[in-house]
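As a starting point, one isolated chain is supplied in structure tokens, in the form predicted alone.
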């Protein structure tokens, strides 16, 4: 499939904006690591070589201790198995992830109470939280949930907002007035109060929070698309399509929306940033995802309650700062590369 020359020009323009392009590479790397976090941060081994056989426990079934000559039937403690293989020196070996802890595991000690400070020896590179869970694991898995949440929320909000906004701008009249009144009433409903009420009745999960956020998140894109559609439907290419007998569906989806892609794409990175901040804020206030789900907001709350454990709040602030800065730089680069004042698609 060959790309449109105008699209190629926009991509080259985006790559020429180094700050945005480098931020895009960094964000893609962060997403890649989070999506395949089990290979890098996990208490299951990536590869186990035992008596001439290879085992891949990361994404496979649970392997009991008896599978590797141990005297118990529950899941193997691969960190202990690694130490045993090194002591026996009988040719068996094990490849552990860089961080050999998962996001839900409590690493407790007999002579101290968590939180534990960063330690290379214990492989808690950023320390632990207040109940002994590894901070790196909580940050990476928390980022995966946050970025997936924001992307799903973006997709749902944009699907609803673009559809209703285009319909309002294209058909106008009573249809437009009807939805204007609905949006005006709906936008005055206090979002946080709704979340508090729902959280007091049921424990919100990932999809429930998506649903709640969608109830309020589609309004902004709807107003934007309404305004753009009013402008685009009066242009020559749209009037020509109508004169040729094109259906309303074809005019909207084949002509108007493709000519508004630059504006839609420009808003997308900032919407992703807003989704991450919203989920983190709800988790911080205790109205977000239920524990023990990995969450940056929950870690911020722990850090606020335990200021002596500087590594907790410090790690989360650095992670959020890097993420939001990269997304912002990407948004700025996309906005400049897709600037409608520099490019047109309807001629």
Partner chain sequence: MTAYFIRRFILIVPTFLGVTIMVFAITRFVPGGPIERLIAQAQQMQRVEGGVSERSGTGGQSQPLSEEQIAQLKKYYGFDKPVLVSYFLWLGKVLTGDLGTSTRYYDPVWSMIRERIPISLYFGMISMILVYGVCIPLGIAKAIRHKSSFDNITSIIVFIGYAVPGWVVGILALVVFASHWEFFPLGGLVSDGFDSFTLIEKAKDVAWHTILPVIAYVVGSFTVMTLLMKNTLMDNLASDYVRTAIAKGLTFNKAVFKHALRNSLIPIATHFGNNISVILMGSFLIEKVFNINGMGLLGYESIVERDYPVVLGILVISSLLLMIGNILSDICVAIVDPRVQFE
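Numbering follows the first chain given and starts at 1. All values reported here derive from a predicted model rather than from experimental measurement.
Below, we turn to the form predicted together with its partner chain, even though it does not appear here.
Only one of 163 to 171, 208 to 216, 119 to 127, 247 to 255 lies within 4.5 Å of its partner chain in the predicted bound form by heavy atoms, and it is 208 to 216. Taking the partner from the other structure, its partner chain in the predicted bound form has a heavy atom within 4.5 Å of a heavy atom of residue 329. Its partner chain is not shown here, and in the predicted bound form it never comes within 4.5 Å of any heavy atom of residue 53. When its partner chain is considered in the predicted bound form, residue 190 lines it closely, a heavy atom lying within 4.5 Å.
Shown alone here, residue 324 lies within 4.5 Å of its partner chain in the predicted bound form, counting heavy atoms only. This chain is displayed alone, yet in the predicted bound form one of 37, 46, 300, 289 has a heavy atom within 4.5 Å of its partner chain; that residue is 300.
Taking 198, 148, 265, 156 one by one, only a single residue has any non-hydrogen atom within 4.5 Å of its partner chain in the predicted bound form, and it is 198.
Against its partner chain in the predicted bound form, the set 106, 112 and 136 makes no contact: no member has a heavy atom within 4.5 Å.
Contacts between stretch 97 to 122 and its partner chain, counted in the predicted bound form as any heavy atom lying within 4.5 Å, involve no residue at all.
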